[in-house]
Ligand SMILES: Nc1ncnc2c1ncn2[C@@H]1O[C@H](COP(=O)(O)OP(=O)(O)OP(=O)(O)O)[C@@H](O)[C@H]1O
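The form predicted on its own is given below as one chain in C-alpha cells.
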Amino acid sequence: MIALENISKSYRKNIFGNQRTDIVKDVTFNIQKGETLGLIGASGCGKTTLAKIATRLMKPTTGQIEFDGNDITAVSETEMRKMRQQIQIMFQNPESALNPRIKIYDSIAEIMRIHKIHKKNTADEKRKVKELIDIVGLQEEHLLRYPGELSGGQVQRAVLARVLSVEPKFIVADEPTSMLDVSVQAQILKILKDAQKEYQFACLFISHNIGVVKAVSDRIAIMNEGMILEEGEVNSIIDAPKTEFGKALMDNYYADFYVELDRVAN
C-alpha cells in the first residue's frame, strides 16, 4: 500500500546553504494493506519528519514515495489534495487536531463535506457520524460538545472517528496515545486495531513506548539519528535485536517493565 525507498531529508545549516544537516537518512520500508509497522526511537531521531514525508505533508530531499501503486514523490499540492481522503494522520496532541470553536459533530462531518462524500446535515451524513461514534466509543451527547468540554481520551476518539470517516487506505499514528492515561491508551489502541480489521488500512504507528508499539504492530522498525537500524517481526526485534542501539532500547524496556511489576506487587 505504501512504500518509501531511499528517503532522505536535509536542511540548510546556514544562510549560504553550503552546509546541510540530515534529519532522515536513506530510509526504506513498505507497509501492506491491513498491516501495522511500528516505528520506535528516541525523541529527536526523525520519526515525526518521516511521518510527514510518508503522508506527503513534506517533500523528501531525495528518494521515492509510492502509494497504492502510484509515485507521489513530486506530485503537485493540488493533486495531493485530491488524494488526502486516502492518506490520514493522527498527531500526538489530539486537541490541536480539532477546531475549538466547532462542535464534535461538525468536526467529524467536516472532512466528509470537504471530500464531497456527504452533504451537510443530510440523513446520510448523520447516519455515518452515528456509525463512527459507535465504533470509537463516544455517545451522541458528545457530538453537541466542543473539544474543550471533553477529556483527552474522548477528544482522541473524536479524532479517530474523523480520520475513519473518509475510509483511508493509509493512516500514520504519530504518538497518538502518549498524552493519555494507561487505561485510556489501551482503549484507544483496541479501537484502532478493531477499526483496522474492518477497514483494512495500512498503518505506520510511531512511538517511543515499546510496550504500546508491541501491542499494535505486525512488524517493528528501530530508528536512530535519522536512520532505520533494523526491522523485523515484533517478537524477533524485541527478544533478539541485532544492533547495539536496539539492545539498549530493549534492556531499558524490560528494566522498566520489571520495576512496574515490582511496584504493583508491593
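Note that the structure is a prediction, hence the values are computed from the model and not measured. Note that residue numbering begins at 1 and tracks the sequence as displayed.
The same protein has a further form, the form predicted together with this ligand, not shown here; the description that follows concerns it.
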Inset, instruction - Spell out, yes or no, whether the shortest heavy atom distance between residue 60 and this ligand in the predicted complex is within 4.5 Å. - result: no
Inset, instruction - Check whether residue 93 has any heavy atom within 4.5 Å of a heavy atom of this ligand in the predicted complex, and answer yes or no. - result: no
Legend entry - Any non-hydrogen atom of residue 238 within 4.5 angstroms of this ligand in the predicted complex: no
Legend entry - Close approach of residue 48 to this ligand in the predicted complex, 4.5 Å, heavy atom: yes
Legend entry - Candidate stretches 193-201, 230-238, 40-48, 62-70 - the one whose heavy atoms come within 4.5 Å of this ligand in the predicted complex: 40-48
Inset, instruction - Kindly indicate whether 11, 23 and 175 are, all three, within 4.5 angstroms of this ligand in the predicted complex, using heavy atoms. - result: yes
